[in-house]
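Take a look at this one chain, the form predicted alone, written out in C-alpha coordinates.
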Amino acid sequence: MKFFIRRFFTLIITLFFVALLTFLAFEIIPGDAALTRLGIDAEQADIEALREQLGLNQTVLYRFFRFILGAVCGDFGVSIQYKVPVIQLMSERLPVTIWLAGLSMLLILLVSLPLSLVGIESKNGKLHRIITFSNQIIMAVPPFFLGMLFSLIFGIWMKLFVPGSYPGTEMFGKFLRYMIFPAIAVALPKIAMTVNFMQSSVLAQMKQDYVRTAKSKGNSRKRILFHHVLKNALIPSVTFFAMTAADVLAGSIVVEQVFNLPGIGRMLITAISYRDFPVVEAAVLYIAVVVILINFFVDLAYQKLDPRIQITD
(Lines give C-alpha, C1' and ligand atoms only; values in the text may rest on other atoms or scores of the structure.)
Protein backbone atom coordinates (compact mmCIF):
# COMPACT_ATOMS: atom_id res chain seq x y z
CA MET A 1 0.00 0.00 0.00
CA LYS A 2 2.83 2.38 0.85
CA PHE A 3 4.29 1.76 -2.62
CA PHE A 4 1.11 3.01 -4.31
CA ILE A 5 0.92 6.04 -2.01
CA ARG A 6 4.54 6.93 -2.79
CA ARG A 7 3.90 6.53 -6.50
CA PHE A 8 0.83 8.76 -6.29
CA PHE A 9 2.73 11.55 -4.56
CA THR A 10 5.59 11.14 -7.03
CA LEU A 11 3.07 11.62 -9.84
CA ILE A 12 1.66 14.79 -8.27
CA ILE A 13 5.08 16.32 -7.54
CA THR A 14 6.42 15.47 -11.01
CA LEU A 15 3.39 16.97 -12.74
CA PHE A 16 3.70 20.12 -10.63
CA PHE A 17 7.34 20.68 -11.61
CA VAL A 18 6.66 19.82 -15.26
CA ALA A 19 3.87 22.40 -15.30
CA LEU A 20 6.09 24.96 -13.58
CA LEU A 21 9.02 24.47 -15.95
CA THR A 22 6.75 24.62 -19.00
CA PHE A 23 5.14 27.79 -17.69
CA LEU A 24 8.50 29.43 -17.00
CA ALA A 25 9.77 28.47 -20.45
CA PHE A 26 7.00 30.53 -22.02
CA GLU A 27 7.95 33.45 -19.80
CA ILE A 28 11.60 33.28 -20.86
CA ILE A 29 11.35 32.78 -24.62
CA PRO A 30 10.54 35.94 -26.62
CA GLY A 31 7.10 36.54 -28.10
CA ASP A 32 3.60 37.61 -27.10
CA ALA A 33 0.45 35.51 -27.52
CA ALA A 34 -1.70 38.63 -28.00
CA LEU A 35 0.63 40.00 -30.67
CA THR A 36 0.73 36.60 -32.40
CA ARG A 37 -3.06 36.50 -32.62
CA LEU A 38 -3.59 40.12 -33.73
CA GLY A 39 -0.54 40.45 -35.97
CA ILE A 40 2.32 42.95 -36.02
CA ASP A 41 0.12 45.69 -37.52
CA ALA A 42 -2.31 45.72 -34.60
CA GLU A 43 -2.79 48.81 -32.51
CA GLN A 44 -1.11 48.85 -29.12
CA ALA A 45 -4.44 49.53 -27.42
CA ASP A 46 -5.95 46.43 -29.02
CA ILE A 47 -2.96 44.35 -27.94
CA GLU A 48 -3.24 45.57 -24.35
CA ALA A 49 -7.00 44.90 -24.34
CA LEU A 50 -6.45 41.34 -25.55
CA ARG A 51 -3.67 40.79 -23.01
CA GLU A 52 -6.06 41.86 -20.26
CA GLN A 53 -8.81 39.59 -21.67
CA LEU A 54 -6.42 36.60 -21.72
CA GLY A 55 -5.08 37.42 -18.26
CA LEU A 56 -1.54 37.95 -19.56
CA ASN A 57 -1.16 41.20 -17.63
CA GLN A 58 -1.40 39.30 -14.33
CA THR A 59 1.69 38.22 -12.40
CA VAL A 60 3.41 34.98 -13.35
CA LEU A 61 2.70 33.39 -9.97
CA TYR A 62 -0.98 34.27 -10.11
CA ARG A 63 -1.42 32.90 -13.64
CA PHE A 64 0.45 29.70 -12.80
CA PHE A 65 -1.59 28.82 -9.72
CA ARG A 66 -4.79 29.77 -11.50
CA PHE A 67 -3.89 27.25 -14.20
CA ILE A 68 -2.99 24.58 -11.61
CA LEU A 69 -6.30 25.02 -9.77
CA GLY A 70 -8.18 24.79 -13.06
CA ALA A 71 -6.24 21.70 -14.15
CA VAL A 72 -7.05 19.93 -10.87
CA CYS A 73 -10.73 20.45 -11.68
CA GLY A 74 -10.24 19.23 -15.25
CA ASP A 75 -10.37 22.72 -16.74
CA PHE A 76 -7.26 23.61 -18.76
CA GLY A 77 -8.70 26.89 -19.94
CA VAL A 78 -9.52 28.09 -23.43
CA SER A 79 -7.18 27.82 -26.41
CA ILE A 80 -5.80 31.21 -27.40
CA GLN A 81 -5.60 30.17 -31.05
CA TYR A 82 -8.80 28.11 -31.53
CA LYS A 83 -10.94 29.88 -28.91
CA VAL A 84 -12.43 26.59 -27.68
CA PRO A 85 -11.88 24.71 -24.40
CA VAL A 86 -8.52 22.91 -24.34
CA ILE A 87 -10.13 19.73 -23.04
CA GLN A 88 -12.27 19.67 -26.21
CA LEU A 89 -9.17 19.95 -28.43
CA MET A 90 -7.45 17.18 -26.48
CA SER A 91 -10.45 14.85 -26.68
CA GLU A 92 -10.69 15.36 -30.45
CA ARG A 93 -7.00 14.70 -31.15
CA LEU A 94 -6.11 12.13 -28.51
CA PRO A 95 -7.83 9.18 -30.29
CA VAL A 96 -5.66 9.72 -33.38
CA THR A 97 -2.46 9.62 -31.32
CA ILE A 98 -3.69 6.56 -29.41
CA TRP A 99 -4.45 4.74 -32.66
CA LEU A 100 -1.02 5.60 -34.04
CA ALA A 101 0.68 4.51 -30.83
CA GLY A 102 -1.39 1.33 -30.52
CA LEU A 103 -0.71 0.19 -34.07
CA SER A 104 2.99 1.03 -33.71
CA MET A 105 3.37 -0.91 -30.45
CA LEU A 106 1.45 -3.86 -31.90
CA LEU A 107 3.86 -3.99 -34.86
CA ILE A 108 6.87 -3.70 -32.53
CA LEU A 109 5.69 -6.58 -30.33
CA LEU A 110 4.59 -8.83 -33.20
CA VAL A 111 7.77 -8.39 -35.24
CA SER A 112 10.63 -7.79 -32.81
CA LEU A 113 10.26 -10.90 -30.60
CA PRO A 114 10.08 -13.48 -33.43
CA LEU A 115 12.83 -11.68 -35.35
CA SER A 116 15.06 -11.69 -32.26
CA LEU A 117 14.60 -15.42 -31.78
CA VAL A 118 15.21 -16.16 -35.48
CA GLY A 119 18.43 -14.15 -35.34
CA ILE A 120 19.60 -16.01 -32.23
CA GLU A 121 18.74 -19.43 -33.63
CA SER A 122 20.78 -18.65 -36.74
CA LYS A 123 23.69 -17.13 -34.81
CA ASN A 124 26.84 -16.86 -36.96
CA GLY A 125 24.70 -17.81 -39.96
CA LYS A 126 23.77 -15.81 -43.04
CA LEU A 127 20.29 -14.89 -41.74
CA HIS A 128 21.75 -13.52 -38.48
CA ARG A 129 24.18 -11.33 -40.42
CA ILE A 130 21.40 -10.03 -42.66
CA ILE A 131 19.20 -9.15 -39.66
CA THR A 132 22.09 -7.43 -37.85
CA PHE A 133 23.11 -5.45 -40.95
CA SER A 134 19.51 -4.42 -41.66
CA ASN A 135 19.01 -3.32 -38.06
CA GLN A 136 22.04 -1.02 -38.21
CA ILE A 137 20.67 0.69 -41.31
CA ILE A 138 17.07 1.00 -40.10
CA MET A 139 18.11 2.37 -36.69
CA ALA A 140 19.96 5.20 -38.45
CA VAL A 141 16.88 6.31 -40.42
CA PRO A 142 14.59 8.73 -38.53
CA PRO A 143 10.83 7.99 -38.59
CA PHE A 144 9.94 11.23 -40.40
CA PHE A 145 12.25 10.29 -43.29
CA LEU A 146 10.64 6.86 -43.47
CA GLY A 147 7.29 8.63 -43.54
CA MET A 148 8.42 10.72 -46.50
CA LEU A 149 9.66 7.58 -48.30
CA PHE A 150 6.38 5.77 -47.64
CA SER A 151 4.42 8.77 -48.94
CA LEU A 152 6.50 8.70 -52.11
CA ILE A 153 6.56 4.93 -52.69
CA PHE A 154 3.18 3.74 -51.36
CA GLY A 155 1.26 6.99 -51.81
CA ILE A 156 2.44 8.64 -55.03
CA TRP A 157 3.88 5.67 -56.93
CA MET A 158 1.72 2.73 -55.82
CA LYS A 159 -1.45 4.79 -55.07
CA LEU A 160 -2.23 2.80 -51.90
CA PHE A 161 -3.21 6.00 -50.07
CA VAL A 162 -3.37 9.73 -50.72
CA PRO A 163 -0.46 11.46 -48.90
CA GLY A 164 -1.63 14.24 -46.59
CA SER A 165 -5.31 13.38 -47.07
CA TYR A 166 -6.39 12.11 -43.66
CA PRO A 167 -9.71 10.26 -44.22
CA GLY A 168 -11.10 10.55 -40.69
CA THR A 169 -12.67 7.74 -38.69
CA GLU A 170 -16.04 7.69 -40.43
CA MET A 171 -14.82 5.17 -43.03
CA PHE A 172 -12.89 2.79 -40.79
CA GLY A 173 -11.37 0.76 -43.60
CA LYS A 174 -9.79 3.78 -45.26
CA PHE A 175 -8.78 5.13 -41.86
CA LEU A 176 -6.97 1.91 -40.93
CA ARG A 177 -5.28 1.65 -44.32
CA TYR A 178 -4.05 5.24 -43.98
CA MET A 179 -2.88 4.82 -40.37
CA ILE A 180 -0.83 1.68 -41.03
CA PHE A 181 1.81 3.63 -42.98
CA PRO A 182 2.65 6.20 -40.25
CA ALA A 183 2.53 3.33 -37.74
CA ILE A 184 5.14 1.41 -39.73
CA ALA A 185 7.27 4.55 -40.06
CA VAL A 186 7.22 4.94 -36.26
CA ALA A 187 7.68 1.24 -35.55
CA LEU A 188 10.53 0.26 -37.90
CA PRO A 189 13.41 2.02 -36.07
CA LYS A 190 12.01 0.83 -32.74
CA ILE A 191 11.79 -2.74 -34.04
CA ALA A 192 15.45 -2.60 -35.07
CA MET A 193 16.49 -1.26 -31.66
CA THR A 194 14.35 -3.82 -29.82
CA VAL A 195 15.75 -6.73 -31.84
CA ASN A 196 19.33 -5.63 -31.11
CA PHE A 197 18.58 -5.16 -27.43
CA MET A 198 16.78 -8.48 -27.01
CA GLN A 199 19.45 -10.42 -28.88
CA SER A 200 22.13 -8.95 -26.64
CA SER A 201 20.07 -9.74 -23.55
CA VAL A 202 19.40 -13.34 -24.62
CA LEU A 203 23.03 -13.98 -25.60
CA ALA A 204 24.16 -12.63 -22.21
CA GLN A 205 21.79 -15.04 -20.46
CA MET A 206 23.04 -17.95 -22.58
CA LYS A 207 26.45 -17.56 -20.90
CA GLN A 208 25.04 -17.95 -17.38
CA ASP A 209 25.70 -21.00 -15.17
CA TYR A 210 22.07 -22.14 -15.12
CA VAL A 211 22.20 -22.59 -18.91
CA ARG A 212 25.21 -24.92 -18.61
CA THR A 213 23.39 -26.82 -15.89
CA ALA A 214 20.31 -27.20 -18.11
CA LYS A 215 22.49 -28.45 -20.97
CA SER A 216 24.15 -31.00 -18.71
CA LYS A 217 20.70 -32.37 -17.87
CA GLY A 218 20.09 -33.09 -21.54
CA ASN A 219 17.74 -30.19 -22.34
CA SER A 220 17.67 -29.13 -25.98
CA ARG A 221 18.79 -25.65 -27.02
CA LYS A 222 15.23 -24.73 -27.98
CA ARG A 223 13.81 -25.85 -24.63
CA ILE A 224 16.52 -23.94 -22.74
CA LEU A 225 15.83 -20.85 -24.82
CA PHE A 226 12.05 -20.82 -24.39
CA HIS A 227 11.67 -22.24 -20.88
CA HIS A 228 14.63 -20.66 -19.10
CA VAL A 229 16.53 -17.98 -21.00
CA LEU A 230 13.71 -15.99 -22.58
CA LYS A 231 11.95 -15.17 -19.31
CA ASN A 232 15.16 -13.90 -17.70
CA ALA A 233 16.12 -11.98 -20.84
CA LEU A 234 12.75 -10.21 -20.83
CA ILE A 235 13.38 -8.58 -17.44
CA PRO A 236 15.80 -5.89 -18.71
CA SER A 237 13.85 -5.75 -21.99
CA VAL A 238 10.73 -4.59 -20.13
CA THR A 239 12.41 -1.28 -19.34
CA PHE A 240 13.32 -0.82 -22.98
CA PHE A 241 9.76 -1.64 -24.05
CA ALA A 242 8.50 0.92 -21.53
CA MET A 243 10.76 3.63 -22.90
CA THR A 244 9.61 2.76 -26.41
CA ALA A 245 5.94 2.84 -25.41
CA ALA A 246 6.38 6.20 -23.66
CA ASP A 247 8.09 7.63 -26.73
CA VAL A 248 5.34 6.41 -29.05
CA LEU A 249 2.41 7.29 -26.77
CA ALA A 250 3.78 10.75 -26.12
CA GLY A 251 3.09 11.45 -29.76
CA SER A 252 5.31 10.98 -32.78
CA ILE A 253 5.25 14.69 -33.47
CA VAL A 254 7.08 14.91 -36.78
CA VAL A 255 5.42 11.80 -38.22
CA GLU A 256 2.01 13.32 -37.50
CA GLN A 257 3.14 16.39 -39.42
CA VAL A 258 4.37 14.32 -42.39
CA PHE A 259 1.08 12.40 -42.72
CA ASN A 260 -1.13 15.36 -41.76
CA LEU A 261 -2.59 13.50 -38.78
CA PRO A 262 -4.68 15.65 -36.41
CA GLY A 263 -3.06 14.22 -33.28
CA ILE A 264 -1.55 15.55 -30.07
CA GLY A 265 1.92 16.00 -31.58
CA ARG A 266 0.77 18.15 -34.46
CA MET A 267 -1.43 20.19 -32.13
CA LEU A 268 1.55 20.75 -29.82
CA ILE A 269 3.76 22.09 -32.63
CA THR A 270 1.05 24.49 -33.77
CA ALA A 271 0.34 25.61 -30.20
CA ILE A 272 4.02 26.37 -29.54
CA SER A 273 4.33 28.49 -32.68
CA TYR A 274 1.22 30.46 -31.67
CA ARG A 275 2.30 30.65 -28.01
CA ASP A 276 -0.97 28.96 -27.09
CA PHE A 277 0.07 28.29 -23.51
CA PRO A 278 -3.05 26.45 -22.24
CA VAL A 279 -2.80 23.90 -25.07
CA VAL A 280 0.97 23.43 -24.65
CA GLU A 281 0.64 22.95 -20.90
CA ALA A 282 -2.14 20.38 -21.27
CA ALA A 283 -0.21 18.44 -23.94
CA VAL A 284 3.01 18.43 -21.88
CA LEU A 285 1.14 17.25 -18.79
CA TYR A 286 -0.40 14.46 -20.86
CA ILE A 287 3.08 13.32 -21.95
CA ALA A 288 4.32 13.44 -18.34
CA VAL A 289 1.36 11.36 -17.11
CA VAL A 290 1.97 8.76 -19.83
CA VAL A 291 5.65 8.38 -18.92
CA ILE A 292 4.98 8.13 -15.18
CA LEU A 293 2.15 5.61 -15.55
CA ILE A 294 4.20 3.42 -17.88
CA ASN A 295 7.07 3.40 -15.36
CA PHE A 296 4.55 2.42 -12.67
CA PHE A 297 3.29 -0.55 -14.69
CA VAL A 298 6.87 -1.57 -15.43
CA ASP A 299 7.51 -1.89 -11.70
CA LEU A 300 4.51 -4.21 -11.44
CA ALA A 301 5.63 -6.21 -14.48
CA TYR A 302 9.03 -6.80 -12.90
CA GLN A 303 7.37 -8.65 -10.04
CA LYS A 304 5.47 -10.91 -12.41
CA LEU A 305 8.58 -11.75 -14.44
CA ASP A 306 10.85 -12.24 -11.44
CA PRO A 307 9.25 -13.01 -8.03
CA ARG A 308 12.62 -12.24 -6.39
CA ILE A 309 11.94 -8.56 -7.06
CA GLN A 310 9.71 -7.35 -4.27
CA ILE A 311 7.79 -4.09 -3.89
CA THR A 312 8.35 -3.11 -0.29
CA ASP A 313 5.48 -1.73 1.76
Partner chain sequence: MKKSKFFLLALVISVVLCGCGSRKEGDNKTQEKESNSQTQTEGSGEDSSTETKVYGGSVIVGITQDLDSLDPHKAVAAGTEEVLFNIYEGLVKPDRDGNLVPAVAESYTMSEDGTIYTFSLRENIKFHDGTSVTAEDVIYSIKRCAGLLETSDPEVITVSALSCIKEVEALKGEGQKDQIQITLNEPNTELICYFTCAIVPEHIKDLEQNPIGTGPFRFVSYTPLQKFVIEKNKDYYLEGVPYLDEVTFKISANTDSAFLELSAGGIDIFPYLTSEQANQIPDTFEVKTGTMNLVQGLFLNNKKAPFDQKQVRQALFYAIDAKQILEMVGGGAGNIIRTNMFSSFSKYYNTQLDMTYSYNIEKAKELLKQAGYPDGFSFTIQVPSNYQYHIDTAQVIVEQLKQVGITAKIQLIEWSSWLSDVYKARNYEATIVGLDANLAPSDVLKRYCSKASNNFLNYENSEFDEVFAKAVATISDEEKVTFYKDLQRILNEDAASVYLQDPPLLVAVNKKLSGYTFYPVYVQDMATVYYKNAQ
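Positions refer to the first chain, counted from 1. No experiment lies behind these values; they were computed from the predicted model shown.
What comes next is about the form predicted together with its partner chain, which is not displayed.
Novice: Though its partner chain is not shown, can you say which of 162, 158, 137, 176 has a heavy atom within 4.5 Å of it in the model of the complex?
Specialist: Looking at 162, 158, 137, 176 one by one, just 162 meets the 4.5 Å heavy-atom criterion.
Novice: Would you mind picking the one in 246, 56, 288, 38 that has a heavy atom within 4.5 Å of its partner chain in the model of the complex?
Specialist: Checking each option against its partner chain in the model of the complex, the one that comes within 4.5 Å is 38.
Novice: Residue 205 near its partner chain in the model of the complex, any heavy atom under 4.5 Å?
Specialist: Taking the distances in the model of the complex, the answer for residue 205 is no, it never comes within 4.5 Å of its partner chain.
Novice: Residue-level contact is defined here as any heavy atom of the residue lying within 4.5 Å of its partner chain in the model of the complex; does residue 201 satisfy this criterion?
Specialist: Residue 201: no contact with its partner chain in the model of the complex.
Novice: Against its partner chain in the model of the complex, would residue 107 count as a contact residue? Criterion: heavy atoms within 4.5 Å.
Specialist: Although its partner chain is absent here, residue 107 would stay clear of it in the model of the complex, with no heavy atoms inside 4.5 Å.
Novice: Is the gap between residue 93 and its partner chain in the model of the complex 4.5 Å or less for some heavy atom pair?
Specialist: Within the cut-off, so yes.
Novice: If you check in the model of the complex, do 4, 7 and 293 all have a non-hydrogen atom within 4.5 Å of its partner chain?
Specialist: No, none of 4, 7 and 293 comes within 4.5 Å of its partner chain in the model of the complex.
Novice: With the partner removed from view, which of 217-225, 128-136, 190-198, 164-172 is the stretch that lies within 4.5 Å of its partner chain in the model of the complex, judged by heavy atom distances?
Specialist: Only one stretch qualifies here: 164-172.
Novice: What are the residues of 6-30, in order along the chain, with a heavy atom within 4.5 Å of its partner chain in the model of the complex?
Specialist: Going through 6-30 in order - heavy atoms within 4.5 Å of its partner chain in the model of the complex - there is one hit, 30.
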